[in-house]
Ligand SMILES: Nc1nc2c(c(=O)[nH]1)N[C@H]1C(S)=C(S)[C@@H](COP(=O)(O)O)O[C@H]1N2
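What follows is a single chain, given as structure tokens, in the form predicted on its own.
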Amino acid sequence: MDRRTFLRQSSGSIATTLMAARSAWAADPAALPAGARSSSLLASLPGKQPLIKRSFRPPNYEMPLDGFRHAYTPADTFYVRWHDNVPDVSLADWRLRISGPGVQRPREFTYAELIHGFEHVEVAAVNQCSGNRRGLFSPHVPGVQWGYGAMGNAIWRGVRLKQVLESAGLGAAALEVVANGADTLLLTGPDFAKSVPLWKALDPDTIIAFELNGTRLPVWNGFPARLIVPGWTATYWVKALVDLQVVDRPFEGYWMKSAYRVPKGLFGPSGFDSQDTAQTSPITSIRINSLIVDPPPGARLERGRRVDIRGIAWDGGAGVRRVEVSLDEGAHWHEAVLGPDLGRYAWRQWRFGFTPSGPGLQSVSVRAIARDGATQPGALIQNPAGYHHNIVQKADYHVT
């Protein structure tokens, strides 16, 4: 979609924007800074259900809380995240180029050649913006003030990046794979390009996807093809992919060298050694996390009537071992019932039932534990860019 079409089709939806009901918020608006509160309105994009607008240009829209009720996030409710203009891509003209000093035979594929020339595979995986929940940081930090909804879970279908790269002949000096999309700059600034280490590019679960939950990728989510890097935050999941360069030295583009970085060692090894410096590391793996979905925080519960607290839990690929719920501010923890295991990179639904015994405020806390032993922390780990907000969630309900 070109810029003019986007503005024309979106302006009418923005003009009819409605304030979100409490059950639709992706985060308690009182916890967000004033700027994010004023933009926390449900707005429509062409082909999408109403989402929470965080910015109009570039389009950044998050999913309301009720979208998390689905095991797999429907395409029309999947969140939208762009740094630049959303590209207007013609399938007839689209090409994927493979080049760089790390390949022996540069290649170029049409859309038909890509989807018919390689084995099709599927991977269920959470796509989570690196800055998800940034708006909940205290003190607040700069950046898009996301609530809980800059993420979704889907079955991605495509072809293995490994096979595509190997068709060009990988050289012994190959170190990183630099991915670039068809998006164009809004005004000025660095081109949005990202690199992944060769080991991650060759992982059989890293794919070039052209379908989301069995349907063609929406324009808003990377049509016609995007990179899927399961277990890692979505900054690496380059949309509208058109170029892959295999390089023999660390890529120094702005979005690798300067942005999307955390203090080195703050969250453990990055797994991306060629991009580590003495001071910082690139943000990579998703941290263990959980979310209460139903009833929405702040809802009224009936005394003496059983209620099922439901939610989701996920991590960067170890898998969820268990979810625990506390009804007394963390003094005692009780194990929740886990739903089906949809795959190591997918989120897992859970539920916990209890009967409120008296009127007043009832707090419910939830934490997830991964199979590798990682557990949600009780205190926020501060960092300048507001990444990895995964503290134990506490929701308050009113019992009447």
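Don't overthink the numbering: it's just position in the shown sequence, from 1. From a predicted model like this one, the values you see are computed outputs, not experimental measurements.
Keep in mind that the form predicted in complex with the named molecule is not shown, yet the notes after this line are about it.
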Report the residue, out of 148, 210, 237, 272, that has at least one non-hydrogen atom within 4.5 angstroms of the named molecule in the predicted complex. 237
Considering non-hydrogen atoms and a 4.5 Å limit, which listed residue (97, 321, 140, 83) is close to the named molecule in the predicted complex? 83
If contact means any heavy atom within 4.5 Å, which of 121-129, 102-110, 279-287, 322-330 contacts the named molecule in the predicted complex? 121-129
Counting only heavy atoms and a 4.5 Å cut-off, does the named molecule in the predicted complex sit next to every one of 79, 181 and 192? yes
Look up in the predicted complex whether residue 226 has a non-hydrogen atom within 4.5 angstroms of the named molecule, and give yes or no. yes
Are any of the heavy atoms in residue 260 no more than 4.5 Å from a heavy atom of the named molecule in the predicted complex? yes
In the predicted complex, does residue 220 come within 4.5 Å of the named molecule, counting heavy atoms only? yes
